[in-house]
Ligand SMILES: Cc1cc2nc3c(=O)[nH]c(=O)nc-3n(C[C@H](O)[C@H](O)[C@H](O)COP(=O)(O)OP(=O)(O)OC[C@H]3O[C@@H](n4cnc5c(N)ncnc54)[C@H](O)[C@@H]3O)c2cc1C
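Next up is one chain by itself, shown in structure tokens, the form predicted on its own.
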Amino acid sequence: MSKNSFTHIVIGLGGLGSAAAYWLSRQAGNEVLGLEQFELGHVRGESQDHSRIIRLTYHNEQYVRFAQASYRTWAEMEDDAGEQVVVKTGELNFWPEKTTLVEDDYNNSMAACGVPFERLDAVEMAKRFPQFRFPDDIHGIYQPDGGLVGAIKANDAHRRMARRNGATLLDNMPVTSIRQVNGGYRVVAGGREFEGEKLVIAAGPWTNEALKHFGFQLPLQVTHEQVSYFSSPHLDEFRPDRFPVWIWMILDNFYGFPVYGAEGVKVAKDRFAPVDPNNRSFEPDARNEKEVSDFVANHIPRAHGPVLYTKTCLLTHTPDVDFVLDKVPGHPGVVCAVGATHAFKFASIIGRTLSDLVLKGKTEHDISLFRFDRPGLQPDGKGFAIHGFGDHPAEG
């Protein structure tokens, strides 16, 4: 490839960057360049697994409305790709008597946005979802539109369609320099020089490595997480048409999925173990794996069986657990997104919003919570919450 000058350059081609490259390519075609520091589809980051939860159950109206827009955007993307990536299974959230979250915030926000949901007591949950075993003091909130996004499929589809539209996507191209030149930017990556008028930064755990070229840093914390797949002898009871995605609604939460992409029931527990993304182990944490196994044995007994495999990943946290989705201060031609541990369900709408910010300078969606200048990202802001994290369960 001899072309080295583009209108738009996307740095990072994980879940959010691949989506941004796709949505930009729908209008800008071959004027889009995507750069990935590792191989495409690598497993060093945040978004490369079979499934991520998609849901409308959020604690404020702004997130619920953005989630509603996300479903519409995924549907448009699926229509363009000719491929299904969103699978609705229903979502069941378990609310224990003692929790760090505020249930009314979730229920009131859904009600205000017209999202249907049901409150289920222990008897009704046992009748409708006999796979679970919980004591009588646990109740559930069931939302029928919840489900999963096929993360690997979605990432592949975004990149495939971006290339179909003329975009150039290059892997094994770590960025070593970004400089302002002639009203645009010169990017050195993989030993090559590229010039672009506008930049999109979607670098996940490596966001600050990209932002340092602009003399800017965000208060981010990267953690080492993991998920386990259980090889149950009763897998047919846990297929997407019979078993919902679910979340135990408390900090350090458990969450899980039906069988999808691998012949196992996927369950995880947040770890919140800070790590350097450039120097981290890919070995699972045995204690976390045992806690997950014990939870499954006690509460989803027919899903329990040998661990098919446990897979590690990274999550990137902001202090207030809200996304970053904004222009970089002082650089109106550069936009940046940070997923704050719970973004994959929004990947396509975030990519579309990044595209809108680059092409139009604005978006139709309310992204005021996600600004660079919000109090939670400032030096005198509230800092990281308990364990560093606040109101959102992770859901990978």
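So that there is no doubt, residue numbering starts at 1 and follows the sequence shown. Please read all numbers here as calculations on a predicted model, not as lab measurements.
From this point on, the text means the form predicted in complex with the named molecule, which you will not see here.
Looking at the named molecule in the predicted complex, residues 11, 14 and 46 each place a heavy atom within 4.5 Å of it. In the predicted complex, the named molecule sits within 4.5 Å of a heavy atom of residue 37.
At the 4.5 Å threshold, heavy atoms of residue 243 stay clear of the named molecule in the predicted complex, well away from it. A residue is said to contact a partner when one of its heavy atoms sits within 4.5 Å of a partner heavy atom; residue 352 fails this definition for the named molecule in the predicted complex, lying far away.
The named molecule is not shown here, but in the predicted complex it comes within 4.5 Å of a heavy atom of residue 225. Contact with the named molecule in the predicted complex, judged by any heavy atom within 4.5 Å, is made by just one of 141, 101, 169, 314: 314. The listed set 203, 154, 324, 267 contains one residue whose heavy atoms approach the named molecule in the predicted complex to within 4.5 Å, identified as 203. In plain terms, the part of the chain that comes close to the named molecule in the predicted complex, with a heavy atom within 4.5 Å, is 195 to 203 out of 229 to 237, 296 to 304, 195 to 203, 120 to 128. For the stretch 313 to 346, the set of residues having any non-hydrogen atom within 4.5 angstroms of the named molecule in the predicted complex comprises 313, 314, 315, 339, 341, 342, 343, 344, 345, in sequence order.
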